[in-house]
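First, one chain by itself: the form predicted on its own, in structure tokens.
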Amino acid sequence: MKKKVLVIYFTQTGQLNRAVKATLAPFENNSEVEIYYEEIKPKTPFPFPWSYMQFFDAFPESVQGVPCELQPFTFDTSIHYDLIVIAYQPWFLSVSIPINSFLQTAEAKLLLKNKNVVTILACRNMWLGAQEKMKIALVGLQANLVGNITYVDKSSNLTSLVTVLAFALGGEQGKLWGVFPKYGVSDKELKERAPLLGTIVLKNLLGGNYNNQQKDLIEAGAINIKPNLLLMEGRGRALFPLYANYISKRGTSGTAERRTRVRIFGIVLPTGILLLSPIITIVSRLAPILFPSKIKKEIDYYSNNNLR
């Protein structure tokens, strides 16, 4: 009997879709596997490109996990899927609103219970907090997280800040102003590394044993955690709930009452990253020397699928 795989994803720009297709190419070419795709679609689509206000106005609901309404699903919850792949993007260090909304549905509760799940992320560079929230959601749904693969923009933090804003707010993904590199996960990485990672997952799917899968994925380069981003995310995860509460106290998404606070946050966040990045980069270079065991412990934890 063929192994059934369901891929649940949300994408605006197609970058995540390319990452998923590249990773699962070995599945598509295997006669022992049937693969189904389910695109999560909000009833009111999120814009792309975003306007400045639309982009930052999505911040409170992203951080607080407020769901949006979704279009009906096409998958059949009565089918036994041997593996479920959830592909998503982090929004403001959290699971994107559409995927988080799916995780809160009755259908997700039925679909994911006792199922093996692999997550695939494609993003700028900060994904640790989002994956922690994903872990919590999957535990609540009684699902088994057996693998995580992340694809990130390899540019420096400040460079990718400029290029991601140009991409999200203007749709510009090429070499910005002839100076900044192309935004996003590199085509070379998707061509060369993604199929190798997919082959590891396929081998474990066919063998029915995922005990060493994440270890094998890590050794193949599925996870790359930089100390400076680890430290910067830690600051963001501490402060973001405070900012989200500050904005949402003035109204729900799209309301005029909170526009001023959204506008303030839209200035504070990029400015804070610009100011803190050089400092945290310096600290991050000292931290492995001063606290080697602690930094290694944190990197090991976030590289794996357990939840502390």
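Remember, predicted model here, so these are calculated numbers, not experimental data. A residue's number is simply how far along the shown sequence it sits, counting from 1.
The same protein also exists as the form predicted together with a small molecule; that form is not shown, yet it is the one meant from here on.
Asks: Of these, Q213, N228, Q89, T150, which has a heavy atom no more than 4.5 Å from the small molecule in the predicted complex?
Replies: The residue from Q213, N228, Q89, T150 that makes the contact is Q89.
Asks: Identify which of L83, L93, L111, I200 has a heavy atom within 4.5 Å of the small molecule in the predicted complex; exactly one of them does.
Replies: None of the others qualify; the residue that does is L93.
Asks: So in the predicted complex, does any heavy atom of C123 sit within 4.5 Å of the small molecule?
Replies: Looking in the predicted complex, residue contacts with the small molecule include C123, since a heavy atom lies within 4.5 Å.
Asks: Examine L16 and determine whether its closest non-hydrogen atom to the small molecule in the predicted complex is within 4.5 angstroms.
Replies: Within the cut-off, so yes.
Asks: Does any heavy atom of W50 come within 4.5 Å of a heavy atom of the small molecule in the predicted complex?
Replies: W50: yes, in contact with the small molecule in the predicted complex.
Asks: If we define contact as a non-hydrogen atom of the residue within 4.5 angstroms of the partner, is L196 a contact of the small molecule in the predicted complex?
Replies: L196 lies outside the contact set for the small molecule.
Asks: Hey, with the small molecule in the predicted complex, do I218, Y301 and Y302 all fall inside the 4.5 Å heavy atom range?
Replies: No residue of the spot touches the small molecule in the predicted complex.
Asks: Can you check 163-171, 134-142, 102-110, 69-77 and let me know which stretch has heavy atoms within 4.5 Å of the small molecule in the predicted complex?
Replies: Looking at the other structure, the answer is 163-171.
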